[in-house]
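Given next, in structure tokens, is a single chain: the form predicted on its own.
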């Protein structure tokens, strides 16, 4: 039996007047997946999310949530199943956090506030000041709690950790891992690859309004490889499946740096075969550098989704 995807984005294009914001976007998200959308500012992430939420109308293509087409006039019918938060979310700023959550409890028809209590304990928001007086980080805590408090089937997050301090960012990632393990479907955008790579099973890369990669977490982790720096008494060639970063003759011998993107066992075998080795170091290749490598590839080499 075919399982209906939670979210389908089918050949979606969006113009703002004559400006092409996103073009021919395709992807699907199944129940229980945690999927990240990564791209630089202005790449089209927020446009995609606003279309999925029904805040905007597509110029071409279709979006379906839970098998139903999303249009601005009917999207509100699906919203009770969806938790939503952005990095700059408009809230009822004249309410306190406590009043805002009470309003949401009535709107969601929640019979108890156990989930709300757990989230408030985790994020410790300021509940008794008007939201408009809160710092950006405290406003973001309230936005995130509101996205998860009803136990939604799907959570959509646009730059969700914006404004959070490092401690709260870690709390947020723990929440995503916990909810994902429970089977909650999550779609989140970010311009920080590390953030989504830590919690997502798939990562979609968007550039200039087009999806250029759909990468599994395993593929992403293997693609950034190891950074190797080696000193030898004679000049040598780098191993296969590596990208040379630089080499030079020094007073100590010959130094060479490269990124190795094959299995660690093969790297170990290669190192053991070098009889002229004087010293070496191995580190994880910086994930953000790997993102830059991928993101800067020529468009002709990109794999459209």
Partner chain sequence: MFNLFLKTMYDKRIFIIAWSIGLAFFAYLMLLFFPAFKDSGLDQLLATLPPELKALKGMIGDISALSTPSGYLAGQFFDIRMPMFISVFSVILAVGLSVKDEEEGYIRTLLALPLSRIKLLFGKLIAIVVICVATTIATVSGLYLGALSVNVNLDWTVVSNLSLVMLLLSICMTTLVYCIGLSTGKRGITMGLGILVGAGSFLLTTFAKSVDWLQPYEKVSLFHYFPAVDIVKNGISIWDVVVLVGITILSILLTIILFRRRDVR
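Everything numeric in this text was worked out from a predicted model, so none of it was measured. Residue numbers count along the first chain shown, from 1.
Another form, the form predicted in complex with the partner chain, is not on view; read the next lines as being about it.
Residues of just one listed stretch (233-241, 257-265, 53-61, 274-282) have heavy atoms within 4.5 Å of the partner chain in the predicted bound form: 53-61. Listed residues 136, 178, 76, 129 were compared with the partner chain in the predicted bound form; 76 is the one with a heavy atom within 4.5 Å. 80 is the sole member of 151, 183, 117, 80 with a non-hydrogen atom within 4.5 Å of the partner chain in the predicted bound form. Using a 4.5 Å cutoff between non-hydrogen atoms, residue 99 counts as a contact of the partner chain in the predicted bound form. Looking at residue 107, you'd find a heavy atom of it within 4.5 angstroms of the partner chain in the predicted bound form. Among residues of the shown chain, residue 86 is one whose heavy atoms approach the partner chain to within 4.5 Å in the predicted bound form. Residue contact check for residue 170: none of its heavy atoms lie within 4.5 Å of the partner chain in the predicted bound form. Taking the partner chain as it sits in the predicted bound form, the stretch 85-102 comes within 4.5 angstroms of it through a non-hydrogen atom at 86, 89, 90, 91, 92, 93, 94, 95, 99, 100.
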